[in-house]
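What follows is a single chain, given as structure tokens, in the form predicted on its own.
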């Protein structure tokens, strides 16, 4: 019996080696990319828990009718709360008052801080520290405490303001002056903070630009107009954005302490209207619908302002 042996080649190990190598390559790539995203995880988790989860609950509540009593069941209302809200005259009036507050706050958060920042730009040493402390001091006063002091100053019978002006106005309880009082007191609180922001923006401008303009024969006014203010525009855009988005919120503690939205609703803005729906009328569904609409409105406004700021601002690159 004869036989022959056939040499069978050993199976190639290239595929077996390539697969672990590819897995190691993917794993090393993940390890290289992951760290920056891992640093963001705590912030994202907090954002979801404290912002997006309440927002989702607010939207769910806006589709129901509920009087905030835990034993009372919620009843489905569909988009009825939104229809009720959009047909109430209070909504349009409160939005108009909110725009008035924003317009009234802009001099305190932009105009006065820019003027004070430019005038005190050369303050140095201990004088600078004293100046910053004095300017920032109103920001440290609690809004309710500040409101109590201003209520005493504006007292119609014995207030200092009426004595200085020689008037007998009831500033807080008159429809024509109540909104002005709220704006002035809120502006007094914030003007120091805005001044420090402007001062920080001025300190960040490279002095070489002004020196080069001076060599070319530009006057101080021309340097301020054509060099300093354009390079300060990102700071001013930030202050304007904050004023537009937060003015109504800043006035809330003063309105609740001094006027409670009155007299005759003359100081009720969108935030106070929302609070009245929720905690005075106990209409949680209507308050939630107002919250959703105001949120979307301010998101659109913020996007519009951010786009304008990017287009109009000058950056020191």
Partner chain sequence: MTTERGGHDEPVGARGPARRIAGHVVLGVLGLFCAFPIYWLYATSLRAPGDVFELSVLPWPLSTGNYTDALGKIDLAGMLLNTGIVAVLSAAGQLLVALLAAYAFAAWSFRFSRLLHLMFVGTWLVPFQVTMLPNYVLLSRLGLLETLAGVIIPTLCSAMGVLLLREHLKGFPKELLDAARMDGRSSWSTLWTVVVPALRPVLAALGILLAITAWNEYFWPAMVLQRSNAVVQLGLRSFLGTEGNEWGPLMATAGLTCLPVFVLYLVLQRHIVNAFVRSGLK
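What we label the rigid core is the largest C-alpha set whose atoms superpose within 1.5 Å from one form to the other. Because the structure is predicted, anything quoted here is derived from the model rather than measured. Positions refer to the first chain, counted from 1.
What comes next is about the form predicted together with the partner chain, which does not appear here.
- Per the 4.5 Å heavy atom criterion, the partner chain in the predicted complex is contacted by stretch 132-140, the sole one of 81-89, 95-103, 174-182, 132-140.
- Of the residues given (196, 237, 169, 111), 196 alone sits with a heavy atom within 4.5 Å of the partner chain in the predicted complex.
- In the predicted complex, residue 73 stays away from the partner chain, with no heavy atom inside 4.5 Å.
- Not displayed here, the partner chain is kept clear of residue 304 by more than 4.5 Å at the level of heavy atoms in the predicted complex.
- With a 4.5 Å cutoff on heavy atoms, residue 233 does not count as touching the partner chain in the predicted complex; it lies far away.
- In the predicted complex, the partner chain stays beyond 4.5 Å of every heavy atom belonging to residue 63.
- In the predicted complex, the residues of 33-51 lying within 4.5 Å of the partner chain by at least one heavy atom are, in order, 35, 36, 37, 39, 40, 42, 43, 44, 46, 47, 48, 49, 50, 51.
- Once you line up the core between the shown form and the other one, the Cα of residue 60 stays within less than 2 Å of where it was.
- After superposition on the rigid core, the Cα of residue 249 moves by less than 2 Å between the shown form and the other one.
- Annotation for residue 69: C-alpha shift under 2 angstroms between the shown form and the other one, rigid core superposed.
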